[in-house]
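Only one chain is included here, represented as structure tokens and corresponding to the form predicted on its own.
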Amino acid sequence: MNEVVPFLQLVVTAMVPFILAAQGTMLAGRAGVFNVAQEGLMMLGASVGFLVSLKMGGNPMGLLVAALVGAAFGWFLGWVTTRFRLDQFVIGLALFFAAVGIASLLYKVVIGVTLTPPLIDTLPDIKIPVLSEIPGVGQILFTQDAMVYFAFLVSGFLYWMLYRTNLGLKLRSVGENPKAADSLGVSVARTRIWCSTAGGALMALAGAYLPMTYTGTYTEGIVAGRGWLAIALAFFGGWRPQYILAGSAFFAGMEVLALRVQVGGVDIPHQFISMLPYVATLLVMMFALRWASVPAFLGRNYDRESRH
């Protein structure tokens, strides 16, 4: 029990980047926009969030600016793929490379080359009154930083919005059958752009969370493939917010387990331990894809004049 509670507390913290990036992927995908720039947007969010927090002296401002930058990238993806019907995959890859380059450039311009990287304050834990006093569960779920609660609230909101509101029904119809949605008066282009914008903001927030929790500083390898895993998680969760939330626990659990094994001094090459989350992901995906339900128009641009 003494080992289980701290382990699960770390797992909940590690879930946040996966939750935000994968829910952002799901939200855009539900409207038919397949964003593959997660890794780059997370890197850019980490860089911008860190630099703004460092120079302006506050993590909230860093998170806000990172979200705005991610939203701008998401808006651009939604706009060019609906306005000019450019290939979503190609534009997504271009945005990935652009975001990675800008993230690195910003850090070098603002910080430069230094042997001692600057540090920012990490996000403090917030104890929820009464609930944090529950033995075990209180420490795991209700003694976390604000972004943990935000990630869970976002997941709950997306589930409610998608499956309990008329807006969610229209949004899902755009990703499943945009022609039918268009015939009912739903603006396909506007829906796609807004969902892609919000999705980009969530992805950048996922990246901004990393230096504010893990290291207190920014490094170029800080995202470490979590963006690519977010795409797998969206498929693994069947593009449903509730299953993505559950899947995040598995991905985060594998990540924390790999770190614990390395820190524990087990005589296994660290490269092999680092590889475990990706191997587990591959094995799970082989089975999950059999039942995963993908939006019918995912990654396909809509042309009102087309017969399809």
Partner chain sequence: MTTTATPPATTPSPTTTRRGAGLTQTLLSYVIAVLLAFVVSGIVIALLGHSPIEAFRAIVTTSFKSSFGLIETVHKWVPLVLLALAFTIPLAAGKYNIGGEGQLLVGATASAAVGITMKDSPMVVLLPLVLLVGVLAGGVYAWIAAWLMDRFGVNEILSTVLLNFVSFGIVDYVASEVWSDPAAGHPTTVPIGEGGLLPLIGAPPLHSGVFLALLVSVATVVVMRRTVPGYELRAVGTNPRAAAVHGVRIGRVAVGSLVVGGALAGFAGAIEVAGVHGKLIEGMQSNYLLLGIIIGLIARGNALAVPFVAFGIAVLEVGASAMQRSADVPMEMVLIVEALILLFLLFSDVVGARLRRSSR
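The structure presented is a predicted model; accordingly, all values stated were derived computationally and were not measured. Residue numbers count along the first chain shown, from 1.
Although it is not shown, the form predicted in complex with its partner chain is what the next lines describe.
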| said: Contact check in the predicted complex: 128, 140 and 212 versus its partner chain, with a cutoff of 4.5 Å between any heavy atoms. Do all three pass? | reply: no
| said: Partner absent here, but in the predicted complex, which of 204-212, 120-128, 145-153, 84-92 has residues with a heavy atom within 4.5 Å of its partner chain? | reply: 84-92
| query | Do residue 219 and its partner chain come within 4.5 Å of each other in the predicted complex, heavy atoms counted? | reply | no
| Exercise: residue 250 in contact with its partner chain in the predicted complex, heavy atom 4.5 Å | no
| Heavy atom to heavy atom, is residue 193 within 4.5 Å of its partner chain in the predicted complex? | no
| request: Evaluate residue 157 for contact with its partner chain in the predicted complex, applying a 4.5 angstroms cut-off between non-hydrogen atoms, and reply yes or no. | output: no
| query | Which residue among 162, 232, 188, 71 has a heavy atom within 4.5 angstroms of its partner chain in the predicted complex? | reply | 232
| remark: Of 169, 111, 80, 134, the only residue with a heavy atom within 4.5 Å of its partner chain in the predicted complex is 80
| query | Which residues from 89-111 come close to its partner chain in the predicted complex, meaning a heavy atom within 4.5 Å? | reply | 89, 90, 91, 93, 94, 96, 97, 98, 100, 101, 102, 104, 105, 108, 109
